[in-house]
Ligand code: 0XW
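Quick heads-up: it's one chain on its own, the form predicted on its own, in structure tokens.
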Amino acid sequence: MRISEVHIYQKDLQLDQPYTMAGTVLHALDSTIVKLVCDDGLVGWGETCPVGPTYQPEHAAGARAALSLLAPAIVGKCALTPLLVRRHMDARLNGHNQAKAAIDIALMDLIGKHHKMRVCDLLGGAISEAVPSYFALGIASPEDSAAQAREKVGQGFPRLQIKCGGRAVDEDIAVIHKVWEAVGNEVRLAIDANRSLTARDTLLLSLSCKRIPIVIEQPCNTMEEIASIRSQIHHPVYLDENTETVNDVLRAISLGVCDGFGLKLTRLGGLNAFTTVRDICAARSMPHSCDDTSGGDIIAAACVHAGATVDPGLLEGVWIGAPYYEEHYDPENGIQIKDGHIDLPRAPGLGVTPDERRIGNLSASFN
């Protein structure tokens, strides 16, 4: 079972509402979809979708350029050996995990279809048939944030993430207090600064919200900045953007700089890399989410399959982009949130079959 064709697509995902975080307002997302075809006719799907060009070094055009370099290196290779395929990709191109992740996800989709198994079972087995999700509240006023928090609690979300940063820290503190007044202990709260706070403002925020049970996610730009104030922070600290590789996760744990992680599948390099990090986190009892920066049904399905294999006591939730747009690549099996949770797909592989009329424009093909 060898890879005979690689097709790369560009897809614009139009958002129903702006997605706001520190320093960024997005109205659409540029997603990249990968289709792998094997010599026996099986098809596997992968996806990668950076949140704009400034969230991290990865950007959409860069992902497609990287995939165009990687595709010739994997044509003719056995689709059942994802580790060997990864080594061929690494030999062809250094870094660019977000592009390699799309191929890794497509390979796992293929392997699952070949063995008639779901991806979650290839990764060790699903602990439950549904995973908890969470909703990210964008940068907004205290009143608007509190109103949306109440709405999302009513929709069954067990966890809310409040975006902060990019403005006076007093405004972020006011938002946190207002949301806490609105929802209290009905839901778990995380504050996500996306690297935008100084060490000083992180301390001010934590001190001002000392009695509110929150997690502070990626407050500062670097591990070193967080480490310098770690002993003075009154809340658990999670890392997100600083965890670009398995080695970064190991380094963070060894430094004692955090209490958990916001993990992104494509940033780590795909499902296989995530599984390694999942097991490291389990060994050290480190809670974490199982997310991606964004994307449609393909990446959402991958996140749900991976999240279903995480110890429920350590799973912070699975974030997907579905609440921000109505479109589905697979109109029948599109990944959706119901009562704050996401059902696992039932079919082999990822369990979604994109309608090729819905996946955008063909960017490049290799065979």
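Source: prediction; values computed, not measured. Throughout, we count residues from 1 along the sequence that is shown.
Just so it is clear, the following notes concern the form predicted in complex with the named molecule, a form of the same protein that is not shown.
Mapping the unseen interface onto this chain, Asp201 falls outside it, with no heavy atom inside 4.5 Å of the named molecule in the predicted bound form. In the predicted bound form, the named molecule lies farther than 4.5 Å from every heavy atom of His235. Within 4.5 Å of some heavy atom of the named molecule in the predicted bound form lies at least one heavy atom of Gln161. Contact annotation for Ile337: none of its heavy atoms lies within 4.5 Å of the named molecule in the predicted bound form. Of the candidate stretches 112-120, 290-298, 220-228, 84-92, only 290-298 contains residues with a heavy atom within 4.5 Å of the named molecule in the predicted bound form. Although the named molecule is omitted here, in the predicted bound form none of Ala146, Gln148 and Trp180 has a heavy atom within 4.5 Å of it.
In summary, among the residues Asn242, Ser206, Asn194, Asn97, the only one with a non-hydrogen atom within 4.5 Å of the named molecule in the predicted bound form is Asn194. In summary, among the residues Leu70, Leu315, Val51, Ile342, the only one with a non-hydrogen atom within 4.5 Å of the named molecule in the predicted bound form is Val51. Along 104-122, a non-hydrogen atom within 4.5 Å of the named molecule in the predicted bound form is carried by no residue at all.
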